[in-house]
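We begin with a single chain expressed as structure tokens, specifically the form predicted alone.
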């Protein structure tokens, strides 16, 4: 469906110096594929999407869509926009229009549909994304997740052959991410062709047929989710997909800010969509910190989350300790810890002894 050859994009800095964001992009995209573009910020993921639908015309190269060179002089851009929809980070809804009017606007103005027909289809699309009851509401009354679902319905109203999603959940509260990803999963299951710039690694792994790992302006690795996530060929890919998020606390006195630590653990769990772990993590800290501090050893607490394995852990490191402090705990405390965890790892390290609790 889409063939890209030697695509490049260069901007110019304020001082006139060139900044090449896309260097040499080559790939073929078939109908029905769901491709997630992952990689560090600033590696050209969003720019690639914007060049595909000519929101940001490329500097060089060739893009064939349905066999036609869309970069050829005189190519009708409106024809491309009918076939290639786009959902942005921000929803770009018309605030003065109701939800259903937002969805039916383009079919009426661009496709020439009658209003009654367009409204009927718009309501059906809103029902598809779970928002039929909001048809006559104004966008200001909706949550961020609801606005993004309206934006997806608006895109579907044009019957595109492919949809480009540019970080569709990045502007959302973490509690609203799931509802948008659920709609996108449904579209993938229905065979919609999609290119998705995303930082949601689990979603990319579960939904995609292919993964593009972008790095330094290139498609650094192109493969199935199983290959890219489980057996990446390049070191940069491996480093990225195995990234571990962490929050570290050094506890060296009874004057430590315990309440501040609880707030940061709470924020950490919400940020990485593991809010269900926060109460357990805080409870375990409250249970074990006083016991471990009685040893007189410096205590380091680290909460971690692996995006690849989706495993959250709570580590207690006692510097200079030669044995597990958990084994000397009161049996009631130890039993309580065991009941709240999915696993416990006790291991000596070069610094001391670590107790790792799998949440």
Ligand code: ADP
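Positions refer to the first chain, counted from 1. The model shown is predicted, which means the values in this text are computed figures rather than measured ones.
What follows is about the form predicted together with this ligand, which we do not show.
Between this ligand and the residues 320, 296, 42, 290, the one pair within 4.5 Å by heavy atoms in the predicted complex involves 42. With this ligand left out of view, the stretch that reaches within 4.5 Å of it through heavy atoms in the predicted complex is, among 47-55, 303-311, 329-337, 63-71, 47-55. Proximity of residue 12 to this ligand in the predicted complex: non-hydrogen atoms within 4.5 Å are present. Remark: residue 21 counts among the residues lining this ligand in the predicted complex, judged by a heavy atom distance of 4.5 Å or less.
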